[in-house]
Structures are given as C-alpha cells and as structure tokens.
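Just one chain is shown here, as structure tokens, and it is the form predicted on its own.
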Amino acid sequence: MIWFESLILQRTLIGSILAGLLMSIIGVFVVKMKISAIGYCMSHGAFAGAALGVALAINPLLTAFLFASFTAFLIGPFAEKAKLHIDIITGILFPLNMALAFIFIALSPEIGLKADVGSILWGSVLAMTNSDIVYLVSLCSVTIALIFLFWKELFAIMFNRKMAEADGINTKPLVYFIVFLTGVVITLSLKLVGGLLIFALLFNPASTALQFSYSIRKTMVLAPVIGIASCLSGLFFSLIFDLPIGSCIALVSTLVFAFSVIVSPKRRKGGREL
C-alpha cells in the first residue's frame, strides 16, 4: 500500500513538473502573440471533448484531442477562409464548448460523475497514469525541439507580427502551429489541472514572468520556472488540505501573479503596463 501511494505521488510530481513546464512555455507565446482569447477557447474545447469521452465511456484524452484540434481548425484556417475575425469565432466557440461540456457531464453515468468527471473539472492527484507521463515527456521533447528549430521566426512574430511579415516570414502557419500546439498541451495537462481552471496555468506564469523582464528570451526561461513552482506548490497544498489539485494550482499561480504586480521593477521604473 505504501509502495502504491509512493508510485502515485511520483507520477503526480513528474506530471506537475512537465505540465508546468509545457503550459508556461506555450503561455509565453499565447500572451506575447496576444491570442489569449484563443487559448481560453482551446482550453474549454479540450474540456468539452474530455467530458464527451466520459459520457461515451471511451478514452477522454482522445476525444479531448479531437475537440481541441477541431477548435484550432475553426479558429485558424476556417476563420481565415470565412473572413471572420478571430474574436467572433472565439466568442461563439467559448459558450458553445461550455454548453456541450455540461451537457456531456449531465449525460455521464453515475460512476463517471464520481471519478472521471471530477478529474476533468478540477484535476486530480490520482488521475495521472504512466501513459500520461510518457505522452507529456514526448510532447515536451517535441515542443522544445520545434521551438528551437523555428525560434527566429517565432521570436520575430512575438516581437511584431507585421514586421515579421514585412521581412518575408510566412506567419500564418506558425501561428496556426502555436494554436494547435496549445490545444495538444492543454489536452495532456487536463487531468492534472482540470478543464475549468487550466487557463490559469497557461496564462499566469507567463504574465508573472513578464512583470520582471522585457527580454523574450529571459521570459522563456523564467515562465517555466514559475509554472513548475506553481504546480508543485499547488500539489503540496492539495495534499496537505485535501483539496482539488487544479484549484490549488490556479490559486497559487494567481497569488504569485498578484504579488509580482506589486513588486514588479517595471512599475517602480514607470514601465509600460503589461
């Protein structure tokens, strides 16, 4: 029994570190590219997909990925072809995804409401499996490799997308890539943080890091440190007070952001508001 509990804790610790790392890295792109509304919509698309998986008694990870991918398609290529502004698409998809999620939850069997639904709503220390860890490690490796490969182009887009286009960079595929990658990262982190709160882990660490640095490169290093620390602290408080891990992670990351706003050297120097 002690060995089993130790194994669960080890998986959760590793999952917390990897989720904090991935979500924070992607969060920097989401914040700097000013696509926070897209990230918010993607998170609830994955949430709706996971709820569908529970209702159909199939792997929630698969349906969450399909929903997130479809949402990315609607936000990206479809919106462009239909000549619709991104805000219109996200404004429609967000309440639609939330409505679908709660309909799927209402249709879930009783056993699902007690276990799986709770984990996709709020996150659970019991939800991470060995397969989830393998997926997160693989995604982490691929994400870092791709960012390293396309860093110059992504850096230019984060700095100024119009200038990047003027320099001959085809920005649309790269922006779509970030949107799709956001959906994948959210999908694999959903069990830990929960669908209703995962946006906090996507947005808060990056926003906190930006309170202390003007450099995108430094922000890319600092944000994952803050994200990992928020996840581990949230896990600690979750275990101590027997609270949902997602709620604790969201609370810790929000408090850290609030503290960073108070002590930010940018504000003491009269820097621009972030």
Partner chain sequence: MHEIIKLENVSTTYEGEKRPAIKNINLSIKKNEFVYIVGPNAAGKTTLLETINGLLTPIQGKVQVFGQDVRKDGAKIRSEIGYVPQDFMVDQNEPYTALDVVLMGMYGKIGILKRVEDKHKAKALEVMELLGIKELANRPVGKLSGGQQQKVMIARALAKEPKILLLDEPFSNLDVESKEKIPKLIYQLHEERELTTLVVTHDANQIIQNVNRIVIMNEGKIIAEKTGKKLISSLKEFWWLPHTEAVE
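Predicted model, so just to flag it, every value in this text is computed and none were measured. Residue numbers count along the first chain shown, from 1.
Below, we refer to the form predicted together with the partner chain, which is not included among the displayed structures.
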Close approach of S141 to the partner chain in the model of the complex, 4.5 Å, heavy atom: no
Proximity of S215 to the partner chain in the model of the complex, heavy atoms at 4.5 Å: yes
Heavy atom of N160 within 4.5 Å of the partner chain in the model of the complex: yes
Touches the partner chain in the model of the complex: A166 (any heavy atom, 4.5 Å): yes
Heavy atom within 4.5 Å of the partner chain in the model of the complex - the one residue of W122, F150, Y176, Y135 that qualifies: F150
One residue of L52, C248, L210, I38 in contact with the partner chain, assessed in the model of the complex (non-hydrogen atom, 4.5 angstroms): L210
Heavy atom contact within 4.5 Å of the partner chain in the model of the complex, the stretch among 69-77, 141-149, 93-101, 185-193: 141-149
